[in-house]
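Encoded as structure tokens, the following chain is the form predicted alone, with no partner shown.
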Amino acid sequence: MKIMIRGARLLDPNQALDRVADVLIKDGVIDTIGDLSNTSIDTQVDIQVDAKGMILSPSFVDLNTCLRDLNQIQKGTIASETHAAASAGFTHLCPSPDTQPCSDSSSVISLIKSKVEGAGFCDILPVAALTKGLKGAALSNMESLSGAGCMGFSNAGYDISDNTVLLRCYEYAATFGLKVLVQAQDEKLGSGHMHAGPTATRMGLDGIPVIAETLSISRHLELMQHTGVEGHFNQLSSAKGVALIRQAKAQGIKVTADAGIAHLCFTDAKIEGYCSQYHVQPPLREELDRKALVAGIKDGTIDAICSAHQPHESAAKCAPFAATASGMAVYDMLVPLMQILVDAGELTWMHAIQALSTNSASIAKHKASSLAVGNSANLTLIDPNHHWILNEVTKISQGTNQALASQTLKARVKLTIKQGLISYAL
């Protein structure tokens, strides 16, 4: 298979590369990069793409996503959601362990991997449960799960209240050089439904204060520093949380962090009118928090951007706000949301690709893709000027909970290439 991509703007943070060039992919690898207009290659390629005005980058790695399936097929299937992920430029996914049944055994991990491989859209780098059943009472068999190919361990959105159990988890992970991923929110303080602020007060909804995040971050950082375990924080939501990670990095603690695209783009003001599509955990916070998250991406305090994709069926969002399921189906919106940040001058596409690809791959302990001759072709081609309407016809995810449904969006992935083969084409 030979694929020619002509005239794209090549962006690759690995090489500080920003240039316009043609790219020839041959037998799964990048064969040639340069001006190939005066060659006879055109007659020899299987697929040729006119990419003028488009961005070609290393493909994306998602550090936090829910693929549903197993016993949640009404929300989405592994086939539908990996297809949606590919349509957002991802070739590698780190699915959350809060599956049904829970991803706390090699058999469940093997089943998920088999379904993903069968679908063929993406590869997965599984995240396994830190404790059995995510109950926070007993350690999972981390060594066995690591042997099954898991890149790290998380208790998903379930707090481990017992410090002794958490300490033992971190000691064990540190001993075997395993990574721990944390969604930092104190269980008791995080029992509300949106950010604790003026909007929540006005709407009469139970709020989740910022200290629910910062108290949890501080606790986990203390244990990470004590045990030396390699830690990663998923889905930071607050300015104070960003400040704590910045301080921890300055102290030499081995820690990384990501933010969800929704938290980089939206605030709790979106919930006015009890719009359940913006009911997410951790909650959307205030504008100062959103700006701090964006600043954290720019200065490297926040290493990565994740989708935090959580598809739901319509019924899950059709109830009084506090009774609706939390989460947002993000894959169909991810690239347009990133384009909004770029158009606003808050981030550049180089920042975005660094956070979605290079850094995410490093955190997932996966060899980062690169636009270099001889490298495996894992690539994403984005048309930043494509205008389209997100609706039932154009969406890929099975989830109905897209906050931007029925709106005209700008930017879309044109092509995703996984190991030299097209996994998605618009």
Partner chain sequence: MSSSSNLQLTKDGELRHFLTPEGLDRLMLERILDTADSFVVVGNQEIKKVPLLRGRTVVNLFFENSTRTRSTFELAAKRLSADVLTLDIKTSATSKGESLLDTLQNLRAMHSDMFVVRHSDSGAAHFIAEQVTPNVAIINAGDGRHAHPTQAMLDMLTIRRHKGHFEPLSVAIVGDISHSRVARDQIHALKILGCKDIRLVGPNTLMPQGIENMGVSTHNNMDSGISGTDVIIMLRLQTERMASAFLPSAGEYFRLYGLTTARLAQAKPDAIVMHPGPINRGIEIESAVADGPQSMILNQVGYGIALRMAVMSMAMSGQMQQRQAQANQTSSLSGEKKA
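Positions refer to the first chain, counted from 1. All figures in this text were calculated on a predicted structure; none of them were measured in a lab.
The discussion below concerns the form predicted in complex with its partner chain, not included here.
From the list 311-319, 136-144, 252-260, 346-354, the contact stretch for its partner chain in the predicted complex under a 4.5 Å heavy atom rule is 311-319. Put simply, Phe176 is far from its partner chain in the predicted complex: not one heavy atom of it is within 4.5 Å. Of the heavy atoms in Arg202, some are within 4.5 Å of its partner chain in the predicted complex. Within this chain, Pro101 is remote from the site of its partner chain in the predicted complex, having no heavy atom within 4.5 Å. In the predicted complex, its partner chain lies farther than 4.5 Å from every heavy atom of Leu288. This chain lacks the partner; the member of Glu222, Glu117, Asp206, Glu171 within 4.5 angstroms of its partner chain in the predicted complex by a non-hydrogen atom is Asp206.
Think of it this way: in the predicted complex, its partner chain has a heavy atom of just one of Leu167, Ile73, Ala243, Ala323 within 4.5 Å, and the residue is Ala323. Interface residues of 135-155, taken as those with a heavy atom within 4.5 Å of its partner chain in the predicted complex (partner not displayed), are absent.
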